[in-house]
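First comes one chain, alone, set out as structure tokens in the form predicted on its own.
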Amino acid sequence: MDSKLVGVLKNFEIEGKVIDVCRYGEGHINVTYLVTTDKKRYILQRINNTVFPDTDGLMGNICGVTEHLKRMGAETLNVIKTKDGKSYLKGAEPYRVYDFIEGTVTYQTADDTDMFAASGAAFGEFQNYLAAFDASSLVETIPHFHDTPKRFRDFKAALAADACGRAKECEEEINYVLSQEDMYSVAMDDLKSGRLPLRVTHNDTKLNNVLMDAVTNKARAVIDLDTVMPGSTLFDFGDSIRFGACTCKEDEEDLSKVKFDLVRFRAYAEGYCNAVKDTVTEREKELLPYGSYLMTIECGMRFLADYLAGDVYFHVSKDKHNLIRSRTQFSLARQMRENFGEMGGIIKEILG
């Protein structure tokens, strides 16, 4: 065992003697370990304070949200305090500890529509449980994360700079982003005006952030709460549809394979919408299809901006990787916009 990690664990109120510490999971931001004592198991994480410099705010968000979820009777992460009553161990390398939630598994991809619907129900329940929580009390762990007008300004700055002389290679993609400008501000404008309620949003609604019961395969808890922030339900719903209702990988080069799957859209919508039906507003119902489009084109413009800037943010593994990713997202966004009517009909059918 790593003696440094054993030393770190001595600062936390854990039960029993540590008998094993090993790397765990597939996360790319924080470093995660599974801790086994002679009493129980825990998760130890080294928090990436480069990505999340406001560690106090980060842990304040997590503690506030998880405590509320517990009061509502939901299963959730349990933060183990340090021996001096703090939510994490401060230092150049900050650490935190959670109880390990036994009897659960995670999946990287949805093998069928039932699983996709189950993830929709999980994130919908998460949203519903937190409907009465004061989202304005949360800090933005990543400022302007889904502020699409800000993302568009960043895109235009990258285009103006054209640091690598790549703009000439992607005029069609650039023109598409510019042509959609009138679509970008609806969500942020409605949040500012109050037409859309400010919600607690997860902002990383991938299937592998839902713990499924190992026996029943039913969703038990939503995890990875680092990006919990104030926002709109459009963000969580939309981003799930962006990656879950597409028939191909995010970097598919053959655009003929990029298909927006309305069957998958319906499956997720049924899970999510049935969970939030008692708290969702009429304006949110109206804009859920738009949210799917918005998250998709926002992601595409971020890929394209990074390509123009020289691939400085997203990891790339092949030539023109970010340009390829952007093309996939734009193809999907076009199809979503063409299907707004049918998407809206499905939402109305579910929610009335």
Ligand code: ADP
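We number the residues from 1 along the sequence you see. A quick note: this is a predicted structure, and the numbers were derived from the prediction, not measured. Here the rigid core means the biggest group of C-alpha atoms that line up within 1.5 Å when the two forms are laid on top of each other.
Omitted here: the form predicted in complex with the named molecule. The next part is about that form.
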- Query: Does the named molecule come within 4.5 Å of any heavy atom of Thr66 in the model of the complex?
  - Reply: no
- Message: Although the partner isn't part of this model, could you tell me whether Thr281 comes within 4.5 Å of the named molecule in the model of the complex, counting any heavy atom of the residue?
- Response: no
Using a 4.5 angstroms cut-off on non-hydrogen atoms, would Gly57 count as touching the named molecule in the model of the complex?
no
Item to complete: Report yes if any heavy atom of Gly344 sits within 4.5 Å of a heavy atom of the named molecule in the model of the complex; otherwise report no.
Response: no
Of Tyr98, Phe152, Tyr176, Phe133, the only residue with a heavy atom within 4.5 Å of the named molecule in the model of the complex is Tyr98
None of Ile324, Val316, Ala309, Ile43 but one has a heavy atom within 4.5 Å of the named molecule in the model of the complex; the exception is Ile43
Only one of 85-93, 182-190, 260-268, 221-229 has residues with a heavy atom within 4.5 Å of the named molecule in the model of the complex, and that stretch is 221-229
Those residues of 188-219 with a non-hydrogen atom no more than 4.5 Å from the named molecule in the model of the complex are Asn208, Asn209, Leu211
_Once you overlay the rigid core, does the Cα of Tyr293 travel 2 Å or further between the shown form and the other one?_
no
Given a core-based superposition, decide whether the C-alpha of Asp261 shifts by 2 Å or more between the shown form and the other one. no
| field | Core superposition between the shown form and the other one, C-alpha change of Asp224 at least 2 Å | value | yes
